[in-house]
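A lone chain, given as structure tokens: the form predicted alone.
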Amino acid sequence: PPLPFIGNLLFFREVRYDFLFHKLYQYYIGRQMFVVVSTPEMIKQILVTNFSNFTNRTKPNLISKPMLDSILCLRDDRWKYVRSLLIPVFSETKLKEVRCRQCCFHNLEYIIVFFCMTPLINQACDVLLCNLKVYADSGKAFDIQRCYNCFTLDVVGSVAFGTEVDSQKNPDDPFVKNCRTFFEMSLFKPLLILILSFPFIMIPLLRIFPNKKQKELNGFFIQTIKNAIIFRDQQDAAERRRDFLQWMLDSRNSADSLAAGCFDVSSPSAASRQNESPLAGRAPSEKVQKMLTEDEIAGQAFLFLIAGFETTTSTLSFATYLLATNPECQEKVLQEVDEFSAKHMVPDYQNVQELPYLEMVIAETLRMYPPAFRFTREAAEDCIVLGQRIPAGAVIETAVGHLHHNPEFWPEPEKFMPERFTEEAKKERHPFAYLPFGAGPRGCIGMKMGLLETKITLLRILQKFQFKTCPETEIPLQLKSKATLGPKNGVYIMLESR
């Protein structure tokens, strides 16, 4: 039962991963109702079948620019249109389509951009391998999560902001320092309680008296993007870097040719698409602004930082821990990596598809430790979903943590078993029992990019080294679960050169 004003806030004095291990319940944060679901059929109804009533995420009351202009926070028609502009750079559907339509300039652009991002990931991997070699040569235990932190920051800086950094060797670089500061910032707890308990008073006050440090940080990222836009607009087209930022800039000139109804429905279920009506009954506004504004370009780049930094770092850290503590699985990966290396000099988007066991290892890692262990949708109108009444304004929270550890779908859920993700096993399982990237039209747009980065990075590392446990390795791993799930105390291992 909720308390006046604060609701069930005291229950969440320390956010814990295992809070979400229940099939269906509701709680209140202040006056906001949350309904937590973790049954595949109900999740499917909310994310896909009844998507028109659950289009938006939670209202971004405490979020400011540039994040406010990202597709994570945009709502209704504007979200739909901006996502339609961004889909091609991430979509495997477009990558397949281009092979059949080489004459289409825009489709050719999509595949060129995606393939040009792969060298940027490989360049960051080169720096990572040099840094890891120092630890391998020393023979000492170290926290590999710190190395992954630097690596993913370098990738985000390169791909989304067009900024070349080596965050491990240049920690005082302004971009690196501001990124670190952003992720270390948190609200004073008593202030957060007041905001959640009395949002109708506190949120207007915060808008009048904004956080000076936060405003400076936001201004830095916005100005970085705007400076990059000015610089690239002055460059000859042939000299411009082919990266995520450049693709967004190019989309300003091609927006009229893109359909606002274009959706890329994320996995899990291709079969569920026949039941899907992304915005049924809601006609798109004719006044939706064409093209991306500069603020929205900054917002998507900033979202790339938010979504691509901690989540990828955590996935790489968890995968390293699981391979180190399961040497028989690591041996299978090493054998596959060696066979790959005998055939290919450099990994790219196409040839890394020849690593099925590594792909299964990553999938099982995301099952056991999903970085995005919960996500939300907001009910636009009163409705009933599989007998459960959901009032307008309620926030639906999908409990991915519970879902991925439910023994009904995952026998021995605490055991690391990559074979759960063979093609045969996947066909036998409910398609909505595995949701590391969400699902439906509002699922993670960067799923393909994130998996590609993770796969290339692990491949490059395992070509040179193998992971070993040591006395400092924390078994079992302690977890932190604030915005995302991650190792609480790092991942201490030893590296052995191959």
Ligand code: HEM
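Numbers follow the displayed sequence, beginning with 1. Bear in mind the structure is a predicted one, so any value in this text is a computation, not a measurement.
The form predicted together with protoporphyrin IX containing FE (HEM) is left out here; the points below concern that form.
Judged against protoporphyrin IX containing FE (HEM) in the predicted complex with a 4.5 angstroms heavy atom cut-off, the residues 162, 174 and 225 are out of contact without exception. Contact between residue 242 and protoporphyrin IX containing FE (HEM) in the predicted complex is not found at the 4.5 Å heavy atom cutoff. At least one heavy atom of residue 436 is located within 4.5 Å of protoporphyrin IX containing FE (HEM) in the predicted complex. Interface membership of residue 366, defined by any non-hydrogen atom within 4.5 Å of protoporphyrin IX containing FE (HEM) in the predicted complex, is confirmed. Among residues of the shown chain, residue 311 is one whose heavy atoms approach protoporphyrin IX containing FE (HEM) to within 4.5 Å in the predicted complex.
Only one of 425-433, 455-463, 32-40, 438-446 lies within 4.5 Å of protoporphyrin IX containing FE (HEM) in the predicted complex by heavy atoms, and it is 438-446.
In terms of contact with protoporphyrin IX containing FE (HEM) in the predicted complex, the residue from 136, 249, 307, 394 that brings a heavy atom within 4.5 Å is 307.
Residue in contact with protoporphyrin IX containing FE (HEM) in the predicted complex (any heavy atom within 4.5 Å), chosen from 355, 417, 71, 292: 71. Along 347-380, these residues reach a heavy atom to within 4.5 Å of protoporphyrin IX containing FE (HEM) in the predicted complex: 366, 371, 372, 375, 377.
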